[in-house]
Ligand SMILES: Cc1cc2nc3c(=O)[nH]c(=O)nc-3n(C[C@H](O)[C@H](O)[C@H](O)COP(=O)(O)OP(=O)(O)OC[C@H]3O[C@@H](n4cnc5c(N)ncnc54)[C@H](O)[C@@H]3O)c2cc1C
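Okay, here we've got a single chain as structure tokens, the form predicted alone, with questions on binding and movement later.
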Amino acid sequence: MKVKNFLKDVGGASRVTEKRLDAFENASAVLTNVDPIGNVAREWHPGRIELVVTDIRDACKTAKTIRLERKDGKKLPFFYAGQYIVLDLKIGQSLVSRPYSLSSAPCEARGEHPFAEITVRRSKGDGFVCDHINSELKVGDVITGKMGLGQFYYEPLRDCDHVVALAGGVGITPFVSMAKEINNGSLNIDLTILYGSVSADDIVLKEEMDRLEGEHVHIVHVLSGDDENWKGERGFLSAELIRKYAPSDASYFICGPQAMYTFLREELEKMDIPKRRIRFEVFGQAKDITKYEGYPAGLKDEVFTLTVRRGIHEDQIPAKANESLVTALERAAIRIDTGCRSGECGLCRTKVLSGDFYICPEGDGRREADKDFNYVHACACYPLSDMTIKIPIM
């Protein structure tokens, strides 16, 4: 910074004021309403948009890849490889939203024929939205979505030039997006993917990964199930296996089921990797909240009354003790904004006016001030009594 002298520096404000007054004096009397910066921001970050399903194909025997394009034909919102999209769906009488990591790359959303893709696996009895997408969604359907969310992406100021991706099941999707972006030349890193699956015929997006492997993308498949014909690595993503393929200077990105996270935290501790180099993607709502420490025994089957205030409007709905407030609201077709569904992003921030509740300890992303003033993230909050909450009008 160049310092002129004291009087010139402190007198700068008055010179700016003179120029502004002169601009006002000579301005046109016709209102132009031109906002170029705002227009660019709205183009790249439009909020919720309408999307058309243009293709559905098998990603393996238990998962499908869904291609989405904007209904208005415009380019898709900006996102980084590794981020997710939130889809809004009406299933029966319920209004639900779910986050899905994008398996397509940003370069595919900015091409001449822009599209985004998600890859969704059928559930094992506990995910009716995944089953709806796999069984009921069809080409031509229009759904609403909001994309470019989440913090699970490469940041050169923070992460090493070599990323080791530890993936399990459908958790491979953000790494497929990263691999595509690397091959496109728009992400300048080396990527080693250690990908755990149960069986060879259930490897998600295997054909796509085979095409992506090259100089800067290395993929190691690891099977945990019994497969007599498998010639590759077996077992789990243990510290021993990770050491075999990981360079000494790397960042570690982890995405997969909740049980895998518990296992890998212990394995990475054995390797003495600094925590600043380890990134876990959020995994959604807890599968069984009653198993967490501090959750009161005997409440699992209780059903309480949840009073929901939106402005001057008030509803009373049932809320199960073992389901989050977001789930209760969705069952009653009451709209609330959600994102990660893990208690981190804060989109479902809700004011608790009365009642007792339990907060999932894994992923409690509340600020200290929110705790003091009784705000919760509804996706990670479970009723322990009748409750009254206040949510925004949508």
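Residues carry their position along the shown sequence, with the first being 1. Values in this document were obtained by computation on a predicted structure and should not be read as measured data.
Not pictured, yet referred to below: the form predicted in complex with this ligand.
Screening 30 to 38, 323 to 331, 46 to 54, 351 to 359 for residues having heavy atoms within 4.5 Å of this ligand in the predicted bound form returns a single hit, 323 to 331. Not displayed here, this ligand is approached by S342 to within 4.5 Å at the level of heavy atoms in the predicted bound form. Using a 4.5 Å cutoff between non-hydrogen atoms, S177 does not count as a contact of this ligand in the predicted bound form. Using a 4.5 angstroms threshold between heavy atoms, S94 counts as touching this ligand in the predicted bound form. Contact annotation: L264 falls outside 4.5 Å of this ligand in the predicted bound form, judged by heavy atom distances. This chain appears without its partner; in the predicted bound form, the one residue of Y153, Y252, Y295, F283 with a heavy atom within 4.5 Å of this ligand is F283. In summary, among the residues K300, H162, H218, K287, the only one with a non-hydrogen atom within 4.5 Å of this ligand in the predicted bound form is K287.
Shown here without this ligand, the chain has Y84, S94, V96, R98, P99, Y100, S101 in 84 to 114 lying with a heavy atom within 4.5 Å of that partner in the predicted bound form.
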